[in-house]
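A single chain, nothing else alongside it, follows as structure tokens in the form predicted on its own.
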């Protein structure tokens, strides 16, 4: 086979890989993930980036080796090629390297999980979240203020001050629900009889939509809620307005 034909096939192979990445909407450097609008979510986002870059590296090396084998050891005739029964150094190499990659990824994963799961002893704010069929209740015990679903089409608002740490207590009144905030890179089960705790430290003022991520019954799709990350002054004004409205 001529070099010209091999080069043509190589170019077509690269074109297929690039087209696959484009058609899959692979955005660089986010790789399709949200940046995470909290300190905790930002750590998750960087972990995702690390995993994706590692997979590109491993995949690239794998395809290069496959390409080399296909070209270097392609059939030249009917003669039986030289038989090789093993290569100890090579076998040790391709066993140790994957183990090291997995070990490094494991260490980073544990560090990020510990950061995401850590709960502050002295948070700036506490929020009790109650999931139920089919809605949410957000209660601020320090201020005795609550926002709650009023019917399946009236969604509650979770108001958070930017730059301040809020500790959440998450429970369910009935079945399994999922407290899911895509832009925070966060999801946590709301389980009957189980109380989950976690922190959010928002980084930027913005508005988002959260939802239930577990199929929980007839109006599961209507289990939405709004999240407003505002300045501390705006948050204080919001609390004052709701206290006066009681």
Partner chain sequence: MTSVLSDEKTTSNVEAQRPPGGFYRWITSVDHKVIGKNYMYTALTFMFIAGAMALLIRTQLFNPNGHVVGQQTYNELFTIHGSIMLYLFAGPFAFGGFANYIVPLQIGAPDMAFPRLNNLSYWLFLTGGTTMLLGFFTASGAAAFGWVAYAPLSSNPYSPGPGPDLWIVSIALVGFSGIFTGVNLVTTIFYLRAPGLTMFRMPLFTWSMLVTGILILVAFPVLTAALVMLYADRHFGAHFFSVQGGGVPVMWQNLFWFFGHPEVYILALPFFGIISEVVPVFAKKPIFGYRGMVFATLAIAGLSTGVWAHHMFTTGTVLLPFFSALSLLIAVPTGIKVFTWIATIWGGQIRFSVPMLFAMGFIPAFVMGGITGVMLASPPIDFYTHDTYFVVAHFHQVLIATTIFAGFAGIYYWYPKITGRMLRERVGRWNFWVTYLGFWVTFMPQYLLGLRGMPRRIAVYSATDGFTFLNRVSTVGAYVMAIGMALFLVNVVWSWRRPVAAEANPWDGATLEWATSSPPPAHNFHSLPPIRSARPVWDVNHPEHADAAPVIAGGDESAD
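Residue numbers count along the first chain shown, from 1. Please read all numbers here as calculations on a predicted model, not as lab measurements. Between two forms, the rigid core is defined as the largest C-alpha subset superposing within 1.5 Å.
From this point on, the text means the form predicted together with its partner chain, which you will not see here.
- Note on contacts: among 176, 146, 162, 119, the single residue with a heavy atom within 4.5 Å of its partner chain in the model of the complex is 176.
- Among residues of the shown chain, residue 213 is one whose heavy atoms approach its partner chain to within 4.5 Å in the model of the complex.
- In the model of the complex, at least one heavy atom of residue 62 sits within 4.5 Å of its partner chain.
- Using a 4.5 angstroms threshold between heavy atoms, residue 193 counts as touching its partner chain in the model of the complex.
- Looking at residue 142, you'd find every heavy atom of it more than 4.5 angstroms from its partner chain in the model of the complex.
- Annotation for 72-86: interface residues with its partner chain in the model of the complex are 73, 74, 75, 76, 77, 79, 80, 81, 82, 83, 84, 85, 86 [heavy atom within 4.5 Å].
- Residue displacement note: residue 193 has its CA displaced by under 2 Å between this form and the one not shown (rigid core superposed).
- With the core held fixed, the Cα of residue 114 is displaced between this form and the one not shown by less than 2 Å.
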